[in-house]
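Below you'll find only one chain, the form predicted on its own, shown as structure tokens.
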Amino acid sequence: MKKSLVGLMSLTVVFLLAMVLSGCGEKEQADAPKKAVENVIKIGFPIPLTGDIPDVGESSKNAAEMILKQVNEAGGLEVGGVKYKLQFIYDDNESKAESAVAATTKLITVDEVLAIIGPQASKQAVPAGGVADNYKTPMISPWSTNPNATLNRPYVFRGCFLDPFQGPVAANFVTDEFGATKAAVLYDIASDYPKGLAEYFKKAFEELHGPGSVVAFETFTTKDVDFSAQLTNIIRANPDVLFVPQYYNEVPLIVKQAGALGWDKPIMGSDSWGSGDLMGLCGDDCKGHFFSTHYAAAGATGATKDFIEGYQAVYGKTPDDVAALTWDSVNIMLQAIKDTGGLTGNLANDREAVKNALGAVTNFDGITGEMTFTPDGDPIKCAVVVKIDDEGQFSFYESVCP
């Protein structure tokens, strides 16, 4: 009995001692300064890091990372007197429409981003824009020129001009520059961007020169690499100029095959020529041709020159139009976030506030030109026609404004 009593008393002492020590620990934790939770703004980028046009995704990410570093090293983005660190989340859309939908959905619902930058190509931006609008999340596509990306979607904006503007720019240019009265077009019928732009060019050219002045309107399907049959038909039709609204990875194949078949007339391109390693793939075959685009790196001045030099210092190459448009689009989004006057922490409310602030943007001074959004989320801005000079540089040739 005595041993049991002594044991019970020992356990009681240990228990009481533990309670005292535990109380002291809790008091010390309560008295310790609490670590502040860092304010973070998350922005999602559903971009093509793999697939047919990975250079487009790389350019987007490169420009975004420059901004991320610049803002965060300066202490963050100040919104309503509060500093926020930026967090950019990149999700590969694999250059596919279905992957763009999945990536955008994940960024909005799982990662809970405040806003979306991208996708770039219209084939991915059009369906992804539907997702962003359904989830009431502000989105800017820097490079999608197809009207359907923003059509009837109040949450979706773009950082570039539209194809209904670019098509007539190209049609007028080949008419004035080459005296063209007959034109041919070769385009990918399975992709939103080239299909839409080809149709806008045809409409504009035939308004200038009459029905039937587009003497060949030839199509192919994504991933085709042999264009000899279409090019043979085009050469037989004897046009004065060939319009090719295709991506940087397809243009060299078309240009080289055309030359091999005897084509020696002008080829006019579109803004999709200005991305990726066009000249590395095309070389001398592309020199002397023209394309419409968003900015010209050669001979740039002011803020555009500063951006180009900063990009070259980090990445060792000249930024393409995708990088420049991404730079502008991210900065417009950040401006809109600041223009909300403050974030509430309620994601739905903050997304709505950012969307409203975007719609109110006027005279934004971007490196690809001044921008004011229309009620449809499309900017009013100029196009540039560049010539691929003898050194393979994209040299400014003329500016065309609405």
Partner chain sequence: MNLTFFFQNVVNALQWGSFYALIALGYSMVYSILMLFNFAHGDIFMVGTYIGFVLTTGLVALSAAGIVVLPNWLILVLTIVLAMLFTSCLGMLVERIGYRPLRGAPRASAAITGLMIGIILQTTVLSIMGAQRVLYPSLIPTTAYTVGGVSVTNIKIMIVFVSIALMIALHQFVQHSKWGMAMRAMAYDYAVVPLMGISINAIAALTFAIGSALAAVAGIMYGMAYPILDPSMGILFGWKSFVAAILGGRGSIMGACIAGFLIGFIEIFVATIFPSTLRDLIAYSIILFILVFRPHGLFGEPYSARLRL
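Numbering follows the first chain given and starts at 1. The structure presented is a predicted model; accordingly, all values stated were derived computationally and were not measured.
Beyond what is shown, the protein has a form predicted in complex with its partner chain; the following relates to that form.
At least one heavy atom of D224 is located within 4.5 Å of its partner chain in the predicted bound form. Of the heavy atoms in G262, some are within 4.5 Å of its partner chain in the predicted bound form.
Taking the partner from elsewhere, P54 is found to have a heavy atom lying within 4.5 Å of its partner chain in the predicted bound form.
With a 4.5 Å cutoff on heavy atoms, D350 does not count as touching its partner chain in the predicted bound form; it lies far away.
Residue Q230 is the only one of Q230, N148, N331, T175 with a heavy atom lying within 4.5 Å of its partner chain in the predicted bound form.
Note on the partner interface in the predicted bound form: the residue among P127, P266, P168, P252 having a heavy atom within 4.5 angstroms of its partner chain is P252. Shown alone, this chain has one stretch from 176-184, 158-166, 215-223, 109-117 that lies within 4.5 Å of its partner chain in the predicted bound form by heavy atoms: 215-223.
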